[in-house]
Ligand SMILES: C[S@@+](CC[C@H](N)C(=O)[O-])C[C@H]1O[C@@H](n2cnc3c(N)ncnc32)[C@H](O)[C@@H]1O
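Form predicted alone, single chain, as structure tokens, below.
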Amino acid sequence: MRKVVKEGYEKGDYGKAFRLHRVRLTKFELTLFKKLCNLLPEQGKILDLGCGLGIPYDKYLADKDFNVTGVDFSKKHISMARKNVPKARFIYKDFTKVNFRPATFDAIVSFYAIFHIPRKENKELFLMINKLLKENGIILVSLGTSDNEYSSKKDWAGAPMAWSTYKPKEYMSIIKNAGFKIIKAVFEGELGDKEYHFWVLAKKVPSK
């Protein structure tokens, strides 16, 4: 699956299809990002897993003077992100294999990326995210909406692409069991829309 996704982002034109024409957050996104920012310390450290081109999300956060680090395994996207958001730091790596020290970040975000790894890895991913967060750290993630172990398209933004998703109820269970308290869980769009996803804003439960 990783091979399909990685080659899809390298060979396709995701930027043209989804990002380069949209440098600002939508009204829906802005509401969640304002909530996120209000929960963070000034110049807090934020990690973006699967950062893509860095726009609009990392640019928005970096422009708010947060210390942003983005990780992605598409060389093309990392190169573009560095140009799009010079204030941020970008690392070429599989985001499930990052090796930062525990309790490094005030927030970890991930948009339209988690459903590009096998869903069976989601439990370990959120446990890893929890370890990388400081006490009371925050996550904001976008997720899938269907129960689908593997799906693919031969032509998505000009190249093959693959997804692996759970229904929102299962995602909620995974996130809670990984040590988070849900602050807000909301759908983006309606069933059948081009953009129909499940977004979760959650807070790390303090250790006892």
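Residue positions are given as counts along the sequence shown, with the first one as 1. Source: prediction; values computed, not measured.
Just so it is clear, the following notes concern the form predicted together with this ligand, a form of the same protein that is not shown.
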Quiz item: Looking at the partner-bound form in the predicted complex, is residue 198 within 4.5 Å of this ligand by any heavy atom?
Solution: no
Practice problem: Considering only heavy atoms, tell me if residue 202 and this ligand come within 4.5 Å of each other in the predicted complex. | Solution: no
Quiz item: Though only this chain appears here, would residue 95 touch this ligand in the predicted complex if you measure heavy atom gaps against 4.5 Å?
Solution: yes
Practice problem: Flag residue 73 as yes or no: does it have a non-hydrogen atom within 4.5 angstroms of any non-hydrogen atom of this ligand in the predicted complex? | Solution: yes
Self-check item: Heavy atom within 4.5 Å of this ligand in the predicted complex - residue from 128, 80, 88, 113
Solution: 113
Quiz item: Which of 143, 68, 139, 51 has a heavy atom within 4.5 Å of this ligand in the predicted complex?
Solution: 51
Self-check item: this ligand in the predicted complex: contacting segment from 100-108, 128-136, 80-88, 114-122, heavy atom within 4.5 Å
Solution: 114-122
Quiz item: Taking this ligand in the predicted complex, which residues along 1-16 bring a heavy atom to within 4.5 Å of it?
Solution: 2, 5, 9, 14
